[in-house]
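Okay, here we've got a single chain as structure tokens, the form predicted alone, with questions on binding and movement later.
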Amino acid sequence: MSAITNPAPQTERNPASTERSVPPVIGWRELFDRQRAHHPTVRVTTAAQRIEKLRHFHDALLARRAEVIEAVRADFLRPIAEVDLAESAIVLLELRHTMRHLRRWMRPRRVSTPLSIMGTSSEVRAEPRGVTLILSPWNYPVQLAFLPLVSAIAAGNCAVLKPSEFTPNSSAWMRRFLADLFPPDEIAVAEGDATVATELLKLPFDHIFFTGSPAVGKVIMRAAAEHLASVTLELGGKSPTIVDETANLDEAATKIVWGKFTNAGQTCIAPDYVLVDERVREPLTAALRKRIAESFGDDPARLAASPDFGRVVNARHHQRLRKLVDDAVGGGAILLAGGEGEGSSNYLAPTLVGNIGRESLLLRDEIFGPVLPIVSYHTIEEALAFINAREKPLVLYIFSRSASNVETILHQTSAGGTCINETLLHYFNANLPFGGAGNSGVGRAHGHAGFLSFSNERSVLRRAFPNPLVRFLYPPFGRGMQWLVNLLAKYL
């Protein structure tokens, strides 16, 4: 079974797998044409056949979890348990959920018939989109590549997967892993830098699934428009966390620290900043400091050596984060915890920042790292105005024991998703459609929503028995036509 590589030969080796010989490289256009030629065979696969593919995928991933851990940690240091959960376990959960429900998702869905067209029956069929492109990021390199791939396979598509060049070990492992399961005419991995993505985007894919920043999402959407391809854009932005005066502060602190500092804050759904009622600002800050110490270490040396805290992916992102913190402090902000860093290992301690100017870069740019700004408010209306003055977030987190406050926040804001008295957990529920709103994303993923993103919902109407009124619709028009129009307009 052949593997597809970048036309510019790759030299990275995957430490988690034995190198195998790679056959002659083919170009991206030839790869696309081969998948398009093969797709008629893939599109007519039955539910049983697709489930069998997903089962092979599931069993192979379950057996090779240790390889995933080794490959991901070779790209950037992360806790072993965190990698196993976030890169393998969550994909295995998605695979099992999809296998359980795929037969029902694939069945034609009957819809009711209005009186105006009685004598017909109608249904909706989910058919594959065709040849699809998945562009995945570096922060969760395996998970964010494989989750949309599960949906693409379930919906009966071919797919080219382009992972991030910032995680070459993970990309190389995925290429080898998928080459063991699928022919390249059906599923292929395209390794390489941004120029490879640019070349792929010139091809007339039927659907593009992109996970990344809003700025790059706009580039993807423009490229898709050239071919009128549909898109799913899983973007990001600044996800706020509201902590009101009624919240259980210890519980809120525990969950915010977990949500923010998992993968050293390099999570698109991480709490980006905290809006806290001024009356509980100081006790919440104390609870956050306490929870950071309990989670990772109670002094800088122990924290830096913690096996449970990861590292920033590379020097460029490490320097970017240091600049954000320095800019805020230079503008009068106060370090409430952390701030320590070490450049050679791209380490930045869990950092809390208070007294931040509203025009600080920390409150304008998505942070995507272990830095948590804390902003106080005096009224819930002030907090809502702060959120609504910015782009719609991917997630809004609410910590409150007041049902009326929760309903007010839900009613007066817009976000892709919301967790109440939790962080991150909505992502683990495959029954919840996942995605953004406006600047934070287009379309939905996971579970049935992901299956539908990679499907065209085809409307089918059948004539079941004759309807004599229909003859009045056809020319030449007489008085019967006007009578029928009046009937439709007034009563049916």
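Note that this is a predicted model, so its numbers are computed, not measured. Throughout, we count residues from 1 along the sequence that is shown.
Same protein, other form: the form predicted in complex with a small molecule, not shown, and the subject of what follows.
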If contact means any heavy atom within 4.5 Å, which of 343 to 351, 160 to 168, 371 to 379, 330 to 338 contacts the small molecule in the model of the complex? 160 to 168
Scan Ala197, Leu363, Ala229, Ile409 and let me know which has any heavy atom within 4.5 Å of the small molecule in the model of the complex. Ala197
None of Ser151, Thr241, Asn139, Thr132 but one has a heavy atom within 4.5 Å of the small molecule in the model of the complex; the exception is Asn139
Is there any non-hydrogen atom of Ile80 lying within 4.5 Å of the small molecule in the model of the complex? no
Contact of Glu234 with the small molecule in the model of the complex (heavy atom, 4.5 Å): yes
Within 4.5 Å, heavy atoms only: does Leu394 come near the small molecule in the model of the complex? yes
Do Thr98 and the small molecule share at least one heavy atom pair within 4.5 Å in the model of the complex? no
Is every one of Pro271, Ala287 and Ile398 in contact with the small molecule in the model of the complex, taking contact as a heavy atom within 4.5 Å? no
